[in-house]
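Here you get one chain, nothing else, as structure tokens; it is the form predicted on its own.
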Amino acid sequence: MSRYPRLQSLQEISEVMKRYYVQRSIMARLRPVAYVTSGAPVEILEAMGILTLYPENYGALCGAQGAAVGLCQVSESAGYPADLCSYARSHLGAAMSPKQAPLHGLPRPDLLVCCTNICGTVLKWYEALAEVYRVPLFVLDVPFQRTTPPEPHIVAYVSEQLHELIAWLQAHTGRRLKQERLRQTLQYAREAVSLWQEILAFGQHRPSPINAPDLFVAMAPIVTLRGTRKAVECYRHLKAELEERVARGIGAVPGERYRLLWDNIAIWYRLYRFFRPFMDAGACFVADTYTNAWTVALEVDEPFTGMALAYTGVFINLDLSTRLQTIMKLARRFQVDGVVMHANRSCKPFSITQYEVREALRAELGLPVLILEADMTDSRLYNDGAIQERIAAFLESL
């Protein structure tokens, strides 16, 4: 990767994430630990001093470190089907066989908080974890959003559940939620989201100072450290480095010729290797739907209504029309020349609409669209020869 300038801020974020796992393993002896889904209202738990860990983020780590297949095989041998999300299979495998898992697995949870706004799989995944660890589970039910903004009764329904979550957490931990602490946590989350929006907007520059694989690395704090000062600090540093690149005319892909949009979760076990043929051809992924999903702002003045709106509006909890409008806006805003879609075997909610989206992008914007079948962490589903052939043909068409 020597041809391609490396962002120093990404190294800082990688170090922050290493410390995140180490520190939480140590602090788990002193404070309650909760496993949470990536779309859960983590600000409430953070404000109450409850340690949070994300099995989905851990699944991505397993994929990036090449450990996912072995862990998936552990869970499959226990009866979990191979068609199940590979994040779930990896993490359940790590829970069953921690000695062969990165970091020897995650610290044992005291609580489980599952939010249904990302998929139906997480509900059954967390029910399985509740059985494995014999710990209480709270399910935050978020209806699928068919209108934008969501109907008032949906916002009220989710907001009421947030109050129930607080009462449940207090009953199980003995901790109390202080409103001032919640306000501060929400303010950090809001600032981090604002910075993240600005960071993603740098892709509009020509050349773009950042590429999608960089964003996949950089997104870790907006997920795992949401509501903390550390996330804000990480993104201030990254933004400053990107501003310097723009001022000096440095692109993430030297000699940028093509601007592309990526759809779906990253292929973690081949993160930069997958993108290398595109980069060698002068193609930069200036925007993507995955990291853009973390740009929903939080309202601080009306915290419960704000959280209800934010967590109902998660990208894959939206109807096809709204999602298509989002992708169209990204394509126009970032002036892309083509779109690459990862038909992700593990994430059906993210992938199921892709063929309809492809036809709309072709018809309305005249964009070439490549759909590649793979999986986010299970490398057994990656056919390198076939994928390289299709990438070469797509690049030639550009």
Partner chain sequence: MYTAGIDIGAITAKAAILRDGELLATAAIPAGYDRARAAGRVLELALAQAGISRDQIVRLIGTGYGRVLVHGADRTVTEVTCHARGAHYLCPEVRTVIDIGGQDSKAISVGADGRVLEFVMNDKCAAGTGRFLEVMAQALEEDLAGFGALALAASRRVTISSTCTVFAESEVITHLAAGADKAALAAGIHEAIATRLATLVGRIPVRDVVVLTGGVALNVGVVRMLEEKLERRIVVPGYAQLAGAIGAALIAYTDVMDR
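Not measured: the values here are computed from a predicted model. Positions refer to the first chain, counted from 1.
FYI, the form predicted together with the partner chain isn't displayed, but the following is about it.
- The partner chain is not shown here, and in the model of the complex it never comes within 4.5 Å of any heavy atom of residue 332.
- Among heavy atoms of residue 24, none comes within 4.5 Å of the partner chain in the model of the complex.
- Not displayed here, the partner chain is approached by residue 358 to within 4.5 Å at the level of heavy atoms in the model of the complex.
- Contact annotation for residue 381: at least one heavy atom lies within 4.5 Å of the partner chain in the model of the complex.
- Listed stretches are 25-33, 38-46, 57-65, 369-377; the contact stretch with the partner chain in the model of the complex is 369-377, by a heavy atom cutoff of 4.5 Å.
- Residues 381, 383, 385, 386, 389, 390, 392, 393, 394, 396, 397 are the ones in 379-398 with at least one heavy atom within 4.5 Å of the partner chain in the model of the complex, listed in sequence order.
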